[in-house]
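Here we start with a single chain on its own, the form predicted on its own, put down as structure tokens.
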Amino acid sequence: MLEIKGLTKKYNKLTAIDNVNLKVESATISILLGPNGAGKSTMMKCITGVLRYEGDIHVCGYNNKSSDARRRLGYTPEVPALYDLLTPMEHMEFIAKAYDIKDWEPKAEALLERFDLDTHKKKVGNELSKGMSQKVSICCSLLIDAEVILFDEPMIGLDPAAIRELKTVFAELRDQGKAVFISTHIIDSVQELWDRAFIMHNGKVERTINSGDIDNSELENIFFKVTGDSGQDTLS
């Protein structure tokens, strides 16, 4: 479970996140919706401890900056951060050693095959396309077998087959009891997947919706009403 209380992030006079409170339960898929600039990626970086902030963030009951929390947290960033001279498998090995994961090779091989990277094993980071880099980043986050997994705009740059596979992965993670938290501005990419939606605008979570409370088709209209967005950035 992920729990956030009173999260505030300021850049000088700009308040990027304004006193946000939310909870992502285990065995659920929660989505963080908002137009570009709403503060979604900033929130993700605060959760991972990359940015300083005010407030409290706990992962499975542990402060997010503690080693106990970090062992339980997986993260796919919005922009893949790969090493130029490491192959996909070497990236997986790096993660396995960092998290002290034993017997990681079979799972790594299966993940690379699942996302059609097995034929690109010998390519290094600076030879991979944006989409392939994104898939390597996703595979690295899934290797950890974390209890809470963050995905920041994970669909951007992926081909249709990879998007379909990633949606299947989201459902599998939920069935395994994981807390899945997905940030996106493309509503169509997460329709029929989510259990709870947080709609973010101007640094605040303006609306929290449980999937059972509305028809799935209503989410887009609610988003527009809350954000005043024209819809151009939310349609795939």
Partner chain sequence: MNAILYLIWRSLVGIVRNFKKKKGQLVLVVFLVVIFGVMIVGNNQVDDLAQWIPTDYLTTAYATIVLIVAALTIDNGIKKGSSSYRMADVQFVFPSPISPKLILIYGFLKQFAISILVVLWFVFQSFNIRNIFGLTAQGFSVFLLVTFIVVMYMPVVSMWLYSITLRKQGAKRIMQRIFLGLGAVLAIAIVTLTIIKGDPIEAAQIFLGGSYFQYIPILGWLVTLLNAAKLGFDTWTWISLALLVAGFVLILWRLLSSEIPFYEEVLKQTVRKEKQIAAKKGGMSNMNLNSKKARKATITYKGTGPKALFYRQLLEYKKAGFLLFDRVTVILLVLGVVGGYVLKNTGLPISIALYAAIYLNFIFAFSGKWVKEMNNPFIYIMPGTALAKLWYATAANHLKHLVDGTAIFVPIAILTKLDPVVTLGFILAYAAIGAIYIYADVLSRRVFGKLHKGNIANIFKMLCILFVLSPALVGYIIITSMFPDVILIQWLAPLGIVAYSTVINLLIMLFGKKIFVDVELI
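Numbering follows the first chain given and starts at 1. Small disclaimer: the values here were computed from a predicted structure and weren't measured.
This protein has a second form, the form predicted in complex with the partner chain, left out of what is shown; the following refers to that one.
- Heavy atoms within 4.5 Å of the partner chain in the predicted complex map, among the stretches 41-49, 180-188, 22-30, 202-210, onto 41-49 alone.
- Proximity to the partner chain in the predicted complex, defined as a heavy atom within 4.5 Å, singles out one entry of 109, 145, 127, 116, which is 127.
- Though the partner is left out of this view, residue 103 does not reach within 4.5 Å of the partner chain in the predicted complex, counting heavy atoms only.
- At a distance threshold of 4.5 angstroms between non-hydrogen atoms, residue 120 is out of contact with the partner chain in the predicted complex.
- When the partner chain is considered in the predicted complex, residue 149 lies well away from it, no heavy atom lying within 4.5 Å.
- Contact check for residue 36: no non-hydrogen atom falls within 4.5 Å of the partner chain in the predicted complex.
- Using a 4.5 Å cut-off on any heavy atom, the residues of 65-96 that reach the partner chain in the predicted complex are, in sequence order, 67, 70, 71, 75, 77, 81, 82, 83, 84, 85, 86, 87, 90, 91, 93, 94, 95.
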